[in-house]
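There is one chain below, alone, in structure tokens, taken in the form predicted on its own.
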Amino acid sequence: MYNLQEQIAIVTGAGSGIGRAIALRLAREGASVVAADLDGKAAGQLAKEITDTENRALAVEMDVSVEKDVERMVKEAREGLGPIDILVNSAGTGTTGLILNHSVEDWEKNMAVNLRGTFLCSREVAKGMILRKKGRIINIASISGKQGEEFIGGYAASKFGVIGLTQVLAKELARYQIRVNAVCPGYIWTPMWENLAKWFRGSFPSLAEKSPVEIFENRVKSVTPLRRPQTPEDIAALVAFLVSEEARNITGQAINVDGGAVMH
């Protein structure tokens, strides 16, 4: 267990999936959690689940790609719980299909949520961290941000950007004792992967009879040395370590949790 008592963490995209698992893990480690999500109902349910365990939590409905929403989220977090010690940028989205068929709207959606959202939240939270000369920022990137993946071009490009932004922030904020790292998940069954599997099934006749889950599982086995998918809890475990004092000398890194699929 990591001692995160008296720490206050913002987790974006906390309403479901990886973000939800991270928020629950940080709460279990003793942190007070601001659950931020576009789905206010899901964020509220998560916050209640945390407060039912006698931990402090606050739900905020917001869009990470909207500057005023980000400013409001941070203001409500500080007023409701206190100064922010931890930020986890987990909100994300993804579109599928050949890059040549990407619409400008699809491209901009990936960039707005995945990259601009990470920038806006990091910039706003870092202001308070700089004044206190302490803090940890974790950006959820992807192995697709290290090795471009076909059929998810806009998503991959945005995640390359997240890793680059992580490195810049780590260098600029280190003088204030603020650590910034990225976590790169591998193959986790998500709505984006379900959409991609459906696209595969419709685009390749040899896959027409397979279910989306079968397509996903076959992909995992073919490219992952450990031959198993990852879980949101796997990602949350690394995040908990990276925000703890055990990782006090780790910054500017993009660490894979992918069963060995990408080894750099």
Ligand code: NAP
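Just so you know, these numbers come straight off a predicted model, no measurement behind them. Position 1 is the first residue in the sequence shown; the rest follow in order.
One more form of this protein should be noted, the form predicted in complex with the ligand, which is absent from this view; the next part is about it.
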G15, I140 and T190 - do all three of these have some heavy atom no more than 4.5 Å from the ligand in the model of the complex? yes
May I ask you to choose, among V64, A31, A236, I50, the residue with a heavy atom within 4.5 Å of the ligand in the model of the complex? V64
Using heavy atoms only and a 4.5 Å cut-off, determine which of I163, A157, M129, V113 is in contact with the ligand in the model of the complex. V113
Interface membership of V125, the ligand in the model of the complex, 4.5 Å heavy atom rule: no
Hey, in the model of the complex, does V180 get a heavy atom within 4.5 angstroms of the ligand? no
A91: heavy atom within 4.5 Å of the ligand in the model of the complex? yes
In the model of the complex, does I215 have a heavy atom within 4.5 Å of the ligand? no
Hey, of 51-59, 221-229, 204-212, 191-199, which bit sits against the ligand in the model of the complex at 4.5 Å between non-hydrogen atoms? 191-199
For the stretch 37-51, which residues lie within 4.5 Å of the ligand in the model of the complex by non-hydrogen atom distance? D37, L38, D39
